[in-house]
Ligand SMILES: Nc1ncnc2c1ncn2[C@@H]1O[C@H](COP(=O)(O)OP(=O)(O)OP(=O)(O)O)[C@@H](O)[C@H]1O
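Below sits a lone chain in structure tokens, taken as the form predicted on its own.
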């Protein structure tokens, strides 16, 4: 994991007069899993959306050796960077198959990848012709992750994978992420379940009011008194 895949340099994001993110510097290496922590409103989701070009930002974003600052989202995705958005954001009136195919680049031949994903996620094979809005929350999350994988990313940004899911379903989602990690896929995970993601990640950043407040090895942050105080009310 010596090669740097993604860097943000002095990344700042404003919504009108409100500064949502101020001078954020992040780094992700090849094959690495990085957790991005913080309370609601800390700037986590805005950071992910800015990296993939969905919202405007100041500063610089470099991915796979290329400056992607201000680049169109379609080009960023084509380079190997994909986002699983908070709330899944499926097209509820389309079938599972149709949602998945929307994630594939227009010119890419995706049959082999499609079959591989269905082998990994057999429940989706059973639901291919089902309208996505009728799926359970856990099934929808699997569709959202699979859709993002259809572009063959080198780095997957995942916003709140456990949001609104029952604990057993969260276990299944993290098992999927664990399987993906074994393929060498790098990930940045925004997650409210702090201890869960810190046990899973290699490194972590903690944001507070738009700034990086802490960074380090995930194992170190897991035992940090400051992390426990801010995110867990002092309890493990």
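Positions refer to the first chain, counted from 1. Just so it is clear, the structure is predicted and the values come from calculations on it, not from any experiment.
Just so it is clear, the following notes concern the form predicted together with the ligand, a form of the same protein that is not shown.
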Subject >> Joint contact, 95, 124 and 134 to the ligand in the model of the complex, by non-hydrogen atom at 4.5 Å >> reply: no
Subject >> Interface residue in the model of the complex among 183, 175, 40, 168, criterion: non-hydrogen atom within 4.5 angstroms of the ligand >> reply: 40
Subject >> Close approach of residue 45 to the ligand in the model of the complex, 4.5 Å, heavy atom >> reply: yes
Subject >> Touches the ligand in the model of the complex: residue 62 (any heavy atom, 4.5 Å) >> reply: no
Original post:
Is the gap between residue 192 and the ligand in the model of the complex 4.5 Å or less for some heavy atom pair?
Top reply: yes
Original post:
Taking heavy atoms only, is residue 227 within 4.5 angstroms of the ligand in the model of the complex?
Top reply: no
Original post:
Which of these stretches, 198-206, 66-74, 175-183, 45-53, has heavy atoms within 4.5 Å of the ligand in the model of the complex?
Top reply: 45-53
Original post:
What are the residues of 124-143, in order along the chain, with a heavy atom within 4.5 Å of the ligand in the model of the complex?
Top reply: none
